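So this first bit is one chain, no partners, the form predicted on its own, shown in structure tokens.
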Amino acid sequence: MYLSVRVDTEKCIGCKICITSCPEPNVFIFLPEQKLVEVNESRCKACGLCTTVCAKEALKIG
């Protein structure tokens, strides 16, 4: 089974802390129109670091 981070768009506020905390480049893409992030699943290693820094608990490994 392939794991990646999932974004709960109802909880994400677009603060971008996941982007700055992720050790892998280009995993998160900020969508300014929606003011949230999406995940480039092919780049995500599912390390879970972003889930620990997200204050809104908008990120889950799944």
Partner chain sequence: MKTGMLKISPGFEEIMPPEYRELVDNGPYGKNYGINDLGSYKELLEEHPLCAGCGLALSLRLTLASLPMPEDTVIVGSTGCSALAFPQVALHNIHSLFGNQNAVASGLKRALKLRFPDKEKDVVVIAGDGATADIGLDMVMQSWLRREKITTIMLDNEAYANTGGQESGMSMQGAVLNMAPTGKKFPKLSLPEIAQTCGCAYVAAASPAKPKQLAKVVRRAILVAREIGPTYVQLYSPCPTNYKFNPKETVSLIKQREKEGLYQSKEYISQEAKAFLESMEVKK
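Numbering follows the first chain given and starts at 1. It should be emphasised that the depicted structure is a prediction, and the values quoted were computed from it without experimental measurement.
The same protein also exists as the form predicted together with its partner chain; that form is not shown, yet it is the one meant from here on.
Trainee: Report whether the minimum heavy atom distance between residue 22 and its partner chain in the predicted bound form is within 4.5 Å.
Mentor: Output for residue 22 is yes: heavy atoms within 4.5 Å of its partner chain.
Trainee: Contact between residue 34 and its partner chain in the predicted bound form at 4.5 Å, heavy atoms?
Mentor: No, residue 34 stays farther than 4.5 Å from its partner chain in the predicted bound form.
Trainee: Counting only non-hydrogen atoms and a 4.5 angstroms cut-off, does residue 16 reach its partner chain in the predicted bound form?
Mentor: Residue-level check for residue 16: yes, a contact with its partner chain.
Trainee: So in the predicted bound form, is its partner chain close enough to residue 43 to count as touching (4.5 Å, heavy atoms)?
Mentor: Contact check for residue 43: yes, within 4.5 Å of its partner chain in the predicted bound form.
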